[in-house]
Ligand code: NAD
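This document starts with one chain, in the form predicted alone, laid out as structure tokens.
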């Protein structure tokens, strides 16, 4: 079953199962492709119903990271990790340090960061066991929470989509429905309201909805209503698969552009959106800002450099829209083609990334400066 899923969900290079009975660690690290460099992707902690569900999620997410890095022009491969458990109850220092030891055995083939269900504090505990982690606290030389940069990239993606579909990237008065108010979604709401957009929000955490609605003067609707809100832009920022056969006929938007990974249940839903006249901003192009930010840690971090990279999402997205029109294909196909072309071109020049060395390093900066 494991090898069948690997073949079905992206033909990955390596899958690592992580288990520690004492701390309760049950995790999976998936390295999809290291053609362009070491695999970098966050660690998600989620209470999966089954281990197979966790495996399929990490396989899909890690494949998405390959294309995200390639489309963004970064010299990184695609990887992801999941930890099975309730992020509200099952976290401990021991669990994340045990997980860090597994990451360390890979000698830099996989570099982690925070994701859904994990935090900067969790990454600090991982960092106690391995240097192969980004998004660590600023006091340790990292950039802290990457979510504001992910959200800033999504904002740039929305502006590009509005430029393409509405004829302007001025968001004043543009109606945006944001599904999901986690770290990315809540930061996106902040940016959107600062731009003058009219924002409608929804999340399963009602206290968070009430707080953000009051802070940013947003309209709130029930989670099961947000996809059907009449708006210019639907911004999915929760879990994936929300654009599917059931939801597409109910959409009342002109654009889908958000921060969630794997927004399309299947790639063919990009064509389905195109057929009904809805412009799709491919998620792995729009939400690359967080990856760009943590990549800046590998270069030698500066806020200015990180923001320069996340602002480039606008131009990246406009390029994808242009390719889709020129080739008369969906935007998601254009985005995949763009990423695959870079992988194929550079793949002729590079071999798989085998890690750096068995010698431990204090920081990633030291590795870079060897």
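Under this definition, the rigid core comprises the largest set of C-alpha atoms superposing within 1.5 Å between the forms. Residue numbers count along the first chain shown, from 1. Fair warning: this is a prediction, and the values are worked out from it, not measured in the lab.
Missing here is the form predicted together with nicotinamide-adenine-dinucleotide; even so, the following discussion is about that form.
- Non-hydrogen atom contact residue 100 with nicotinamide-adenine-dinucleotide in the model of the complex at 4.5 angstroms: Output for residue 100 is no: heavy atoms all beyond 4.5 Å of nicotinamide-adenine-dinucleotide.
- Is there any non-hydrogen atom of residue 232 lying within 4.5 Å of nicotinamide-adenine-dinucleotide in the model of the complex? No, residue 232 is distant from the partner.
- Flag residue 147 as yes or no: does it have a non-hydrogen atom within 4.5 angstroms of any non-hydrogen atom of nicotinamide-adenine-dinucleotide in the model of the complex? Taking the distances in the model of the complex, the answer for residue 147 is yes, it comes within 4.5 Å of nicotinamide-adenine-dinucleotide.
- Task: Report whether the minimum heavy atom distance between residue 141 and nicotinamide-adenine-dinucleotide in the model of the complex is within 4.5 Å.
- Result: The answer is no: residue 141 has no heavy atom within 4.5 Å of nicotinamide-adenine-dinucleotide.
- Query: in the model of the complex, which of 120 to 128, 155 to 163, 204 to 212, 243 to 251 comes within 4.5 Å of nicotinamide-adenine-dinucleotide (heavy atoms)?
  - Reply: Heavy atoms within 4.5 Å of nicotinamide-adenine-dinucleotide in the model of the complex occur in 204 to 212.
- Item | Heavy atom distance at most 4.5 Å to nicotinamide-adenine-dinucleotide in the model of the complex, all of 182, 185 and 223 | Yes: each residue has a heavy atom within 4.5 Å of the partner.
- Query: Taking nicotinamide-adenine-dinucleotide in the model of the complex as the reference, which of 189, 197, 296, 260 has a non-hydrogen atom within 4.5 Å?
  - Reply: Looking at 189, 197, 296, 260 one by one, just 260 meets the 4.5 Å heavy-atom criterion.
- Item | Partner-contacting position among 113, 176, 81, 237 - heavy atom within 4.5 Å of nicotinamide-adenine-dinucleotide in the model of the complex | By the 4.5 Å criterion, the partner-contacting residue is 237.
- Could you tell me whether the Cα atom of residue 87 shifts by at least 2 Å between the shown form and the other one after core superposition? Shift at residue 87: 2 Å or more after core fit.
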